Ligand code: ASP
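Next up: a single chain in C-alpha cells, the form predicted alone.
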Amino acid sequence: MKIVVLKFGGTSVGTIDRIKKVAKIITSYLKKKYKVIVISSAMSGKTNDLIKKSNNISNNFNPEEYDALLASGEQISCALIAGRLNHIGYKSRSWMSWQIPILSEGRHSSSRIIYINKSNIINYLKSGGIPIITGFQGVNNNNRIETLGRGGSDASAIMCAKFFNAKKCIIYTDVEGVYTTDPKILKKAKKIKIISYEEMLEMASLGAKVMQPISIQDARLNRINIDVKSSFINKKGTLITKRKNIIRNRIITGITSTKNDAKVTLVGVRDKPGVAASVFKPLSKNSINVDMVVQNISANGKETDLTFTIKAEDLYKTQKLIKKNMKIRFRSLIVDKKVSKVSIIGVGMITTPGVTYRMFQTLANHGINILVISTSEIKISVLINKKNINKAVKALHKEFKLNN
C-alpha cells in the first residue's frame, strides 16, 4: 500500500475557504494512486482562544482538563475537512486519538507518542476511505487525552509516517518552505531546496518557526524524509533529509535569530565544585530552559562570574529562584532583557576553517559587540544587543553569500 501522510497547519485550515482548498490538495494525491492519511492542526487562533478561556476560568486550571480542552480545536478542523471531502464525493471521516488509538506518555501538555494501533486505519484505507486524524494529541494509559506541546501536530504526522511506513510525509504550512533566514527580516532570504535533519534541528531550536524541534528529532531518529510546502501556492518546498542525500557547495545553510532572550549574570559566586549544578538544578525543576552559559574565573581563583541566557518570560521566576536558593552565595545579580541571539548554521563549517573569524569580523565591521558565544559542530551563536539583530542578520547573510 502506497501511503502518504499530509499534515495541515493552523493557517492552512484557518477559514472555510482554506479548508475547501485543503480538500482539493488531498484529492490530488488520490489521483496519483496514494492512500492518504491526513493530520490536521486546529484552525489558526483556536488554541490561543481556548487557552484564554482556561485562564478566565481558573489561574490553576487542572492539567488533564487543560489537555482535554485544547484537544477540541483539532476535533473541529478534522470534522470540517472530512465533511468537505464527503460533500465533493469522497469517503472520509474524522478520527480522534482515542479512537485509533494513538498512545502517548509523559506529562500533560508535553507528552510523546509511543505507539499507534494501525488496524482500524489500515482497514479504513483499504475500504477507500480518507482518515482525518487529530494532530497534537494522544491518549495515556489512564484513557485521558494528552497533548504534545505547541506545534505537536508535526510530531503526530511524523509518527504516523513511521508506524504506517508512509512513502512521503508532507507538512503543509503558510510558507513555501525553509528559508536561509526570516523573510520578514530580510527580503533577500532564499528558499532552501534541501536541508539535513541536523541543520533543521539547529535552526528550529534557534528561532526558525517552520517546525517544532522535537518533531525534527523524531524524523531524524526514524529516518523519515519531510517535505515542507505551502498550502497556498503549488510550488516545490524544502526537503528535510539525512546528510548523505545532500550535495551542497555552501558553507552556511541558514541564519536564525531570536527576540525573546534574557541574560542573567551572577557576580562573585564562590568557585567550588558543584556550584553551577546548584544554580541550575532549581531552574531545571521548574522547567526553565538554560541556553548559553559562560563562566569566568577571577584572578584570585576564589570567585567566578556565571552568565547564562533564558527565555524572557522566565526571567521573573528565575530571579525569584536564585534569590531564595540558600546553596549559592554571590555579590550581585545582573539581568538584561535587551538582548537577542543570532546564529549561523551549516554542516559545511565542519570541514571549513575560518568560519568563526568571518562571523566575528563581520559583526565587528558593523559595530556590533558580542556579549556571549556558544558553539556546536554545525552552528555558532552569539548574543548581541537586541537593537542590532536585523543589521547582524543582513550582514551575515551577505558575508556567507546566502543572497545569491
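Source: prediction; values computed, not measured. Numbering starts at 1 and follows the sequence shown.
What comes next is about the form predicted in complex with the named molecule, which is not displayed.
When the named molecule is considered in the model of the complex, only one residue from 150, 329, 281, 236 comes within 4.5 Å through any heavy atom, namely 150. With respect to the named molecule in the model of the complex, the three residues 356, 359 and 400 uniformly fall beyond 4.5 angstroms at the level of their nearest heavy atom. From the list 86 to 94, 152 to 160, 283 to 291, 217 to 225, the contact stretch for the named molecule in the model of the complex under a 4.5 Å heavy atom rule is 152 to 160. The closest non-hydrogen atom of residue 342 lies beyond 4.5 Å of the named molecule in the model of the complex. In the model of the complex, residue 349 stays away from the named molecule, with no heavy atom inside 4.5 Å. Within this chain, residue 36 is remote from the site of the named molecule in the model of the complex, having no heavy atom within 4.5 Å. In sequence order, 41, 42 are the residues of 20 to 44 having a heavy atom within 4.5 Å of the named molecule in the model of the complex; the partner itself is omitted from this view.
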